[in-house]
Ligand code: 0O2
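Okay, here we've got a single chain as structure tokens, the form predicted on its own, with questions on binding and movement later.
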Amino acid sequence: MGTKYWQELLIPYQQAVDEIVLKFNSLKKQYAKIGEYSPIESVYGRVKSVSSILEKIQQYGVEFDTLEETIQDIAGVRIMCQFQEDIQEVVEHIRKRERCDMEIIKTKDYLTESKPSGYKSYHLIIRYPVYSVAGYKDILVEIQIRTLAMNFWSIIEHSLNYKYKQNIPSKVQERLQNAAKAVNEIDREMSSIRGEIQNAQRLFGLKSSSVSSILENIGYLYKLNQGEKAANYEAIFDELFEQEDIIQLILLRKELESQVSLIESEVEK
């Protein structure tokens, strides 16, 4: 198979990855805009290299005419969460999209029962529709959902498997398993203070969105030739921001939004 064959084969896979990553990042931004905690910490995507695909073909004896159904992780998306509880919330988001664009065809729950190596994650194989220059095509995409701690461990394991060609020495395997137990303990400990962390992040989100809205509306007042009013609000904002008074900042945001709306109504008359 030549370069042109692989380029044409992988184009829709890259498109699927790009679109799915964009959709989950958009979901994360929506949480931020409404000042709510997001179960999604970060999202990454990749398409397997031709070299990796050929290795799998050779390893499992895959036929070229069935490789797209047999190798189900050519397109991969990884979603990282802060807490184990967030993983199921992300899974539910995906399940709700089944009638729309993400049909789940297989699940692999390595959270309930980890792999012998200690690997923990939640995997979904979805069928995703892509419209490219070649036309319509359903693409299989593997979505891996895990905590940041799980992801750190899996990156190390992947590097060691690459180094030792899947034959990691027993002493190194033992240390990896011990590290996996430590990671699991970290996740459990973080879950125990999840409420405190989420409250702190929620407050930070409210402060950030309020500050952005206040500055935007003050700037808008200047554009509406309301310089004196804008300057007064600017002085109030500077004082509240210095005091880190989140409640008063939220109230100022609402007042400014009301003022801008009122002025716009008068202008329209």
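Predicted model only: the values in this text are computed from it and were never measured. Position 1 is the first residue in the sequence shown; the rest follow in order.
What comes next is about the form predicted together with the ligand, which does not appear here.
Peer 1: Mind checking whether each of Asp73, Ser117 and Ser154 has a heavy atom within 4.5 Å of the ligand in the predicted complex?
Peer 2: Yes, each of Asp73, Ser117 and Ser154 comes within 4.5 Å of the ligand in the predicted complex.
Peer 1: Hey, in the predicted complex, is Tyr162 touching the ligand, heavy atoms inside 4.5 Å?
Peer 2: Heavy-atom contact with the ligand at 4.5 Å: present for Tyr162.
Peer 1: Whether Arg175 contacts the ligand in the predicted complex should be assessed with a 4.5 Å heavy atom distance threshold; does it?
Peer 2: No, Arg175 stays farther than 4.5 Å from the ligand in the predicted complex.
Peer 1: Does any part of Lys28 reach within 4.5 Å of the ligand in the predicted complex? Heavy atoms only, please.
Peer 2: The answer is no: Lys28 has no heavy atom within 4.5 Å of the ligand.
Peer 1: Looking at the partner-bound form in the predicted complex, is Arg127 within 4.5 Å of the ligand by any heavy atom?
Peer 2: No, Arg127 stays farther than 4.5 Å from the ligand in the predicted complex.
Peer 1: Going by heavy atoms within 4.5 Å, which of 53-61, 209-217, 33-41, 230-238 lines up against the ligand in the predicted complex?
Peer 2: The contacting stretch is 53-61.
Peer 1: May I ask you to choose, among Arg99, Lys181, His158, Arg188, the residue with a heavy atom within 4.5 Å of the ligand in the predicted complex?
Peer 2: Checking each option against the ligand in the predicted complex, the one that comes within 4.5 Å is His158.
Peer 1: Just to be sure I understand the contacts: of Lys108, Lys137, His93, Arg194, which is the one whose heavy atoms reach within 4.5 angstroms of the ligand in the predicted complex?
Peer 2: Contact residue from the list: Lys108.
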